[in-house]
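The chain that follows stands alone, in the form predicted alone, written as structure tokens.
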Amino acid sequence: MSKRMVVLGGDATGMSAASTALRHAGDGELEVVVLERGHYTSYSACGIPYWISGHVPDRDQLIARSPGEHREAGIDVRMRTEATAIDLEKRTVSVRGVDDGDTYELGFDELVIATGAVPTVPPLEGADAQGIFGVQSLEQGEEIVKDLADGDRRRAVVVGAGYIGVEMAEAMVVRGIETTVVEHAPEPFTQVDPDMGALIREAMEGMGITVITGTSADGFDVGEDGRVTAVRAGDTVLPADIVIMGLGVKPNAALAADAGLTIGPSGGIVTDVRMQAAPGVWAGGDCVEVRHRLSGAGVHIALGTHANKHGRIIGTNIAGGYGAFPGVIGTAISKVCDLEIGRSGLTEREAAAAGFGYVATSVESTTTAGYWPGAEMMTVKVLAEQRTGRLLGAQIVGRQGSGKRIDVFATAIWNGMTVEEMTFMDLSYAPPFSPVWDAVLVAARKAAKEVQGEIPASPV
């Protein structure tokens, strides 16, 4: 008899798990049912800001595989369908049709929870007004594109200056919309240290974006037609024709919690290294907590890179193989127009919270040889453990051509290298691509000197 695998969520983790399991299972050994509450499967949520900006001209370019294509591969994909409860004793999922309200029970042998994340939305007055949007799903992206096409939108306010916030600020600027960003922290982009965030603020302001920090949105003014007219932030009233909420996300783990599964301090579902939350119950993607390889802490990092890996590991294990997820180091990259932002490992705040003694150094360099036409500036910051010199983290803020250097640091962190070992790494060189001493090497060398001098760590 075949066993049934039920998957909750039809995007990166869910469809990767379903496809991998079905591909490796023997003929007729596995029935795969996927429940997806939305209209789309297997799409790039990370690409939504670039579709809104017009860099990606067609929505369908963001869709890797449609529900129909998955069905042709043998997966029973049920769209506009959601799970409302999980019964681990009975091995059943309660199912409801989003549009028709029909309900039924679906039994499972293997369950994959891939419910993703939900936006952080504070309970602010007027938050349900028309013209206020999140950027979590392709459906929300469609709403924004339609809204921008339907009306004369001259002023945008972006609430939050994290990944989505800065990317949506770019989208608005590219579309010629006057843009203001409101962020409660002292500097934008709290995924890097404040000194690097100050560089991001300066660059954004140079692009014509108004950046208001140290201030939270308190509420929204709404016109008689039900549409947002302004954002209230402290003593300031910011007129707005459209508002983008970019306050980050949290794990969508309520179903798992109600079923009695363990939820970690980050709010994500806790799994073992095989991504198993309970016998025959698996979880992956933005709804889970994973181990940080440096701090050892459980963290929630919502990225498609991890989600796809989780799905492949889960599918392999369900099909009888063995896969294990080795953890994360927090590598990420983003951009605002031609400003690139990269980070990997720990920030100063994270290193201190984990108990590390560290040194922190920064260098400025160019993306190419200084004499090469179009050479751009970048700042590279490195954290290294005191005494041992082990690389703990790196951050890059610079113009075009700087950001992907973060992958060199990520590789070094992943493999436990010291900054001294990095100093003479055999990196590529030609004047159109880097100075003869690349910024990676210069930053590592400066950090190594400080480690050797045993300069104590100092707070930001």
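Computed from a predicted structure; not experimentally measured. All residue numbers refer to positions in the sequence shown, first residue = 1.
Keep in mind the form predicted together with a further copy of the same chain is missing from the figure; the text below concerns it.
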(message) Quick check for you: of 115 to 123, 370 to 378, 78 to 86, 348 to 356, which stretch puts a non-hydrogen atom within 4.5 Å of a further copy of the same chain in the model of the complex?
(response) 370 to 378
(message) With a cut-off of 4.5 Å between heavy atoms, is residue 306 one of the residues that contacts a further copy of the same chain in the model of the complex?
(response) yes
(message) I'd like to know if residue 330 sits close to a further copy of the same chain in the model of the complex, meaning any non-hydrogen atom pair within 4.5 angstroms.
(response) yes
(message) I'd like to know if residue 47 sits close to a further copy of the same chain in the model of the complex, meaning any non-hydrogen atom pair within 4.5 angstroms.
(response) yes
(message) residue 406 versus a further copy of the same chain, in the model of the complex: is there a non-hydrogen atom within 4.5 Å?
(response) yes
(request) State yes only if every one of 313, 320 and 431 has a non-hydrogen atom within 4.5 Å of a further copy of the same chain in the model of the complex; otherwise state no. (result) yes
(message) Using a 4.5 Å heavy atom cut-off, which residue among 91, 274, 250, 184 comes into contact with a further copy of the same chain in the model of the complex?
(response) 274
(request) Only one of 179, 334, 136, 365 comes within 4.5 Å of a further copy of the same chain in the model of the complex by heavy atoms, so just point that one out. (result) 334
(message) For a quick check, can you give me the residues of 409 to 438 that have a heavy atom within 4.5 Å of a further copy of the same chain in the model of the complex?
(response) 410, 411, 412, 414, 415, 417, 421, 424, 425, 426, 427, 428, 429, 430, 431, 432, 433, 434, 436, 437, 438
